[in-house]
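Here we start with a single chain on its own, the form predicted alone, put down as structure tokens.
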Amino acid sequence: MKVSLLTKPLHAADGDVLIVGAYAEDKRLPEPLAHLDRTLGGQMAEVLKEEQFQGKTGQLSHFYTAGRVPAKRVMVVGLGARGQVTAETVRRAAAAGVRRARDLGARVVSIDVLGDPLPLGQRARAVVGGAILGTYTFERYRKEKTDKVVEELRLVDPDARRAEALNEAIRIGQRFAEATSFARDLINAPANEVNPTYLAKTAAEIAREGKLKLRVYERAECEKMGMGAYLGVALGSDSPPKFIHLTYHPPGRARRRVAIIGKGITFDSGGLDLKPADGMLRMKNDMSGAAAVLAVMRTLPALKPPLEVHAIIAATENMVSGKAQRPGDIVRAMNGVTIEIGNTDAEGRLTLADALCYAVTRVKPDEMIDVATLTGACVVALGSLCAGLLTNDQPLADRVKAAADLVGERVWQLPMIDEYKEGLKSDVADINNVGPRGGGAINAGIFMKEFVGDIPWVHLDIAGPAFSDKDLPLCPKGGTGFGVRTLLAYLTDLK
């Protein structure tokens, strides 16, 4: 989708559809909607009255303009109460409006910078992000593809003095949304295509295009580094593991060094502790953390944050075979900690253990954030729309949470209860990879804390929001790309 700024008043904007917003409590159309309505000969007020349009969030109304203004149709989206509008309200309104315009066959859509109580840049980012995310489709494997596509989106603002600020907001909103779409494409593709080798090739393309540094370690190199936890998971698969390390260096001096780590299980059968069929069906999405991290690294060169960013992915499948890891096996992580395998389906934390150890010893970052579809327990605790956050450093957690709030990705902090470590004790090794049933998401966080040392660290368990079984306001059914916008907002210090 091409996105641009149109410095004209609303009544002069052209396109197949012009989208404007209305608030619930407004008894009369405020300016500039009133001016637009006068140009339309009162048509908009008449249609809204006839349809009993109340401006509720998500409400839509549209009509032909009969040539009274350059735009062929006008669409009004409800924004709810003016005092309660948020950036997420704007994102969802833009998504609903542009999606309806697309379904009506519109190719060129003009849209007001909705949500006037909010700061201008935040509004513009939300409009662009909502429009792109809300019209995302995944049709790579379909013979018949839809011919209804919005090719151009124009943000309408009459004040040319604000053009520079708006163009920058458009650029950021578009980059964030396109990065999320890139992650969605990776997640939605099937596991017979997206295997560890595919992720490594994708990382190589990203490195080449963005002039990033890349190192991909093969199995033998990981063995030399002592990555027994990661390689234990990889034993059962015929697809070779790939340990991926991408590095972004800023144009100038880096303010700090950050490691972002994505869980890269390209398919999770559960191993010998086999998942039931319905639990395995969507396990192509178990690399959603890796997809998010790759999408972020693909976008950083264009955003140029003043940070040194290291992306780390321990990519493998978790499969069943005569070579597969067994319950009761003992593996040794890169830092020397021995782990008893209490359950082969708790594999993500094993791969992350060595990824975290690698970051600590080889990267030596100032802070680390991992993103992982880690536990069903987190879905039980927080549902399918919210990620869990665990940390050993509250200031870092607060900054990550603030970034998530800004972009509309729901994150809730869970407690790191040290006494729960008792449940991870093993009779034969330093630690077990599973604990009691209760507090499973917390137990996983406590397990991974053993491998981060003193470095400030945040763990995001995205098992719930990474994949949706139904259409959402900003995403159709499938991979959501959750975490991409939070990481980008955090790394770019977005306000």
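Each residue number is its position in the shown sequence, starting from 1. Computed from a predicted model, the values in this text were never measured in an experiment.
What comes next is about the form predicted in complex with a small molecule, which is not displayed.
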property	result
Heavy atom contact within 4.5 Å of the small molecule in the predicted complex, the stretch among 140-148, 246-254, 204-212, 261-269	261-269
Heavy atom of each of 312, 334 and 361 within 4.5 Å of the small molecule in the predicted complex	no
Contact residue in the predicted complex, from 352, 374, 293, 127 (heavy atom within 4.5 Å of the small molecule)	374
Listed residue (286, 317, 409, 370) with a non-hydrogen atom within 4.5 angstroms of the small molecule in the predicted complex	286
Contact test in the predicted complex: residue 463 vs the small molecule, heavy atoms, 4.5 Å	yes
Any non-hydrogen atom of residue 434 within 4.5 angstroms of the small molecule in the predicted complex	yes
Partner contact for residue 86 in the predicted complex: the small molecule, 4.5 angstroms, heavy atom	no
4.5 Å heavy atom contact, residue 178 to the small molecule in the predicted complex	no
